[in-house]
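Here you get one chain, nothing else, as structure tokens; it is the form predicted alone.
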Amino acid sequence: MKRLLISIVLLFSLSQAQDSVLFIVPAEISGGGATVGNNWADGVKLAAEHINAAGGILGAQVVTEVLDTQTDPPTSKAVIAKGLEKNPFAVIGPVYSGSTIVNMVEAERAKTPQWVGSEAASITQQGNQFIFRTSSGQNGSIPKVTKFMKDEGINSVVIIYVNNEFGQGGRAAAVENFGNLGIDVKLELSTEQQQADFTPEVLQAIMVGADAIFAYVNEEESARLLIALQQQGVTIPVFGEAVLLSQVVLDLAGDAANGVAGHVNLTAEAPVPAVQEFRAAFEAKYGYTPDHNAMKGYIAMFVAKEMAERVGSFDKLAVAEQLHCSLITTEDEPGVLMDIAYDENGDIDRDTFLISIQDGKQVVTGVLPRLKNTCADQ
């Protein structure tokens, strides 16, 4: 009788197993961030393909539904709210910080984990226990690039930033860290999202006689800024973070990007075998070189997979709780590409890279090892 009861329980459990699991993917498919969002979405879809080919998650095939935020914060909030009505396991996106700031409350209300490519420091400072990054935020990355600049002999700087959530957060972190390092901020120049002409800002930057420019604007605007600097014959070094050094900017700016240097969380040029395998698979499928956003989208899916498997179910609350203060190594899940440690706020720690642009390509000049100071390492 006992054996019969066990068999009945097992059969009932199997009958309740999911055939598929839904991820909604809000991304900047159109609008000013289209290149960014399509990289992200393509990375997510490639991860889903790889996961499904290996048997899915807990036996369930992954289904992704891409939702176009149109690079517009109110639209992103609306499409996520609509997508959450389908009770997805997770939200994967978006990338732009301004959108995440307004839409993450929807996923929090639905108690659904949300992985984002956004970097504004404020995102993980709201007490939202369902928000997680896929790369370091400004509070983790800006100190690295400013120290790198100090080590390069920079003692004064002009900051050129975009006037949105991303740019304002980067500007604030940069000012603080430059001050801590004794680097004089001679001028701060605010620019607008989708700005076409950067000549006025370049001319102002020239006049103050700083040692370097620190640029913190969106991808297409970064390319326009670099072209404007080249046209005005500016020769002082330009430093930045992942956006300025991204493949998208290199493609748009051409030789105007040569000589730019800085720090990135992720790069397809990383001397890491798993990263090179990802790059080859991405290029074979989509026909272009992935940027850091594609890598972030890909990694997000595998983090979600690993957490569901650790919990043993698609219990969204349990997955969110489990991920805080968790270490995910490539031995645990090769799809994360490099070891990742999450802290109590949803921020991460991983190896990162110093980059210079040479002949239109990212060249890794140094590896900054994971700090190993999160609660995951305690």
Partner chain sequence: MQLQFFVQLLVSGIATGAIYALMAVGFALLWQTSGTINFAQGEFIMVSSFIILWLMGLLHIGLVPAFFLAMFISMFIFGFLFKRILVDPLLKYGDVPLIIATIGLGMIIRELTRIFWGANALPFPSLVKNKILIFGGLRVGTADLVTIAVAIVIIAALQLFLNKTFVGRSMEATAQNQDVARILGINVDRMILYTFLINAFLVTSAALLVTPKLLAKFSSGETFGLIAFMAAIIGGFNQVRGALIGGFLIGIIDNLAKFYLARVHLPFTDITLNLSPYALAIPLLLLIGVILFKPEGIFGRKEERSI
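Positions refer to the first chain, counted from 1. None of the values given here were measured: they were computed from a predicted structure.
Although not depicted, the form predicted together with its partner chain is the subject of the following passage.
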Original post:
Looking at Asp251, Glu152, Glu176, Asp184, which is the one with a non-hydrogen atom within 4.5 Å of its partner chain in the model of the complex?
Top reply: Asp251
Subject >> Listed residue (Ile160, Val157, Val264, Ala223) with a non-hydrogen atom within 4.5 angstroms of its partner chain in the model of the complex >> reply: Ala223
Original post:
Using heavy atoms and a 4.5 Å limit, would one call Glu106 a contact residue for its partner chain in the model of the complex?
Top reply: no
Original post:
Gly335 near its partner chain in the model of the complex, any heavy atom under 4.5 Å?
Top reply: no
**OP:** Give a yes or no for Glu277: in the model of the complex, does one of its heavy atoms lie within 4.5 Å of a heavy atom belonging to its partner chain?
**Re:** no
Original post:
How about Gly233: is it within 4.5 Å of its partner chain in the model of the complex, going by heavy atoms?
Top reply: yes
Original post:
Counting only non-hydrogen atoms, which stretch in 97-105, 295-303, 279-287, 188-196 is within 4.5 Å of its partner chain in the model of the complex?
Top reply: 188-196
Original post:
Are there residues in 19-56 with a heavy atom within 4.5 Å of its partner chain in the model of the complex, and which are they, in order?
Top reply: Ile29, Ser30, Gly31, Gly32, Ala34, Thr35, Asn38
